[in-house]
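First comes one chain, alone, set out as structure tokens in the form predicted on its own.
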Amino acid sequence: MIRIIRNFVKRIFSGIFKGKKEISLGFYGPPNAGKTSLANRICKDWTGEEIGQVSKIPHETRSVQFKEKVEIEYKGKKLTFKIVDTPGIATKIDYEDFMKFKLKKKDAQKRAKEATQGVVDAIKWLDDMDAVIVVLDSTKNPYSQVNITIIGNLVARKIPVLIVGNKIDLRKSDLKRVEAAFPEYEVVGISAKYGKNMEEFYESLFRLAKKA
């Protein structure tokens, strides 16, 4: 009888401390920061498939897209993630901005409507996130209303955060400015386009996963 009780208790505690089988990992940030590029690189590295399309036109990703059971291995340890790529967060979406990229008015208006809905959906999906990677363009000023709003939402929900300063391959990249803007968070600089510094990224990702 005592042995049965011990085995029962052991099973209960092992279930509690085993942790989640799959970590929901959200990619958030302003438009064109490189969220989908980074999500694509991770998924391509570990599943051989990309998650979505990228383009120079803002709000190419206008709906939440995800890939489940992405198993990542780093230094002998394995973790399984649900990669959730979200539309770029913006405080204002104007169809006329898309017309600068030679989109016709009707197409630009449709894109703006879809992008606006995408922002709403992205915020809703925060409730399902175990951890979030905030992807910022390291060539741009990080002290923006959008970035502060994103971080504020994550703080309010007590979601673990890793900040990625993307596009370090570009001459105007300034990672120290990103670090100064958000000193309470870990910041890692990468080039999602060229796969630069991904080793450090994965190391940071596994640290983030421990907090999830």
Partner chain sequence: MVKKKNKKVKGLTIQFIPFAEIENLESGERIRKILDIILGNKIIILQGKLLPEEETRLIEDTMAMVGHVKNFKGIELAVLNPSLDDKGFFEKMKHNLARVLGAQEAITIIGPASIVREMKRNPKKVEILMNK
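Residue numbers count along the first chain shown, from 1. Values in this document were obtained by computation on a predicted structure and should not be read as measured data.
Just so it is clear, the following notes concern the form predicted together with the partner chain, a form of the same protein that is not shown.
Residue 94 is the only one of 128, 73, 94, 107 with a heavy atom lying within 4.5 Å of the partner chain in the predicted bound form. Proximity to the partner chain in the predicted bound form holds for none of 133, 191 and 204, with the criterion being a heavy atom within 4.5 Å.
Heavy atoms within 4.5 Å of the partner chain in the predicted bound form map, among the stretches 63-71, 35-43, 166-174, 151-159, onto 151-159 alone. The partner chain is not drawn, but in the predicted bound form it has a heavy atom within 4.5 Å of residue 116. Although the partner is absent from this view, residue 124 contacts the partner chain in the predicted bound form, with a non-hydrogen atom inside 4.5 angstroms. Put simply, residue 53 is far from the partner chain in the predicted bound form: not one heavy atom of it is within 4.5 Å. Although the partner is absent here, residue 90 lies within 4.5 Å of the partner chain in the predicted bound form, judged by heavy atoms. No residues of 158-178 lie near the partner chain in the predicted bound form, the criterion being any heavy atom within 4.5 Å.
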